[in-house]
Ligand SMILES: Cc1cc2nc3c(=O)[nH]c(=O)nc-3n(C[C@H](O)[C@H](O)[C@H](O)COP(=O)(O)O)c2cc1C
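First comes one chain, alone, set out as structure tokens in the form predicted alone.
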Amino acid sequence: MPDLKTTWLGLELQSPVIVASSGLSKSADDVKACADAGAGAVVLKSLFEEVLAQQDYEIKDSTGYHTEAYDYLRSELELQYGPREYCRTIEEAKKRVDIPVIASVNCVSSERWPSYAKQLQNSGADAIELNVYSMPADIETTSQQVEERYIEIVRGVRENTHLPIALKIAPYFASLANMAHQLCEAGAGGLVLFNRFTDPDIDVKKLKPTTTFQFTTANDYHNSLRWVALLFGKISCDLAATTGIHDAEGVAKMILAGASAVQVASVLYKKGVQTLSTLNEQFASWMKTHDFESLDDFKGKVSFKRTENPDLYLRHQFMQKIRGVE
């Protein structure tokens, strides 16, 4: 039987399949169900930075929103975990499972919450995943300022905890490879590629802006695959892939590209948490078919680690494909 063990953020996982931060991981019962189904680790549903600001009774000062947006945000926060409840969830989950439980903080700044990392640490969390959500729509904000905000967030947490830190990022950087390198140097032990945000829409009947969120499909993994393959062996931290991983073949592709682990959510919403067991079984079967005894036998085997000029290679592939559809 192939060995599915892997290491992510210095933590040993029995499977490379991690349950991503979502509504499927908001309680200790949820974590237990995921562990029983075969999850290698579970990332808890995110604690929002605004909740921490609200705890300080300064939420208005912590955001740049208009009054209407503030009122909406306040009502939404009432539905989210408060800090104390979040820590209790970690404590209870750690009593019931023997897999890593990773805390998640959805953040927009480095001002208030880094010290809260100590509370997550004391509650028993095995690691912290920083889920940075920032929409730099201000025309006065430079790309350098945006990047510095990410760096400050990582450094702030690093200074306040000895826990491993993962950063879940979006691909929207002018120089993603350089940014990934800087984040690792700032103290991130792993990068999760890539974050997904809600999408804007317009209600043409009511003439109002709306927000939508779609589950991924099995064809949405390509950008994550590209960057895992490009970054593997080039930066000093671990890589995890997410978005569009719905089957064992998707798991295999990401490990071949250089990922240490993958995160799944949409497929679990669609097919149930028990799908984790199927993913593990089918992934193990794939490894056996190819005579791989462990992930180390093929991790990064199809990455760009040994490619001297990946830009030239990708350009050539692009030109070939474009010619093929003319």
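It should be emphasised that the depicted structure is a prediction, and the values quoted were computed from it without experimental measurement. Numbers follow the displayed sequence, beginning with 1.
Here the subject shifts to the form predicted in complex with the ligand, a form of this protein not shown in this document.
- For Asn280, no non-hydrogen atom is located within 4.5 Å of the ligand in the predicted complex, even though that partner is not displayed.
- Although the partner is absent here, Thr89 sits far enough away that none of its heavy atoms falls within 4.5 Å of the ligand in the predicted complex.
- Residue contact check for Ser22: one or more of its heavy atoms lie within 4.5 Å of the ligand in the predicted complex.
- Contact annotation: Ser260 falls outside 4.5 Å of the ligand in the predicted complex, judged by heavy atom distances.
- The candidate spot formed by Thr6, Leu167 and Gly189 lies out of contact with the ligand in the predicted complex, as no residue has a heavy atom within 4.5 Å of it.
- The contact with the ligand in the predicted complex, taken as any heavy atom within 4.5 Å, belongs to Arg196 out of His181, Arg196, Lys94, Arg158.
- Residue-level contacts in the predicted complex: of Leu276, Ala35, Leu295, Ala265, one residue has a heavy atom within 4.5 Å of the ligand, and it is Ala265.
- Judged by heavy atoms within 4.5 Å of the ligand in the predicted complex, the contact stretch among the candidates 117-125, 212-220, 140-148, 94-102 is 212-220.
- Applying a 4.5 Å heavy atom cutoff to the ligand in the predicted complex picks out Tyr269 as the lone residue from 267-301.
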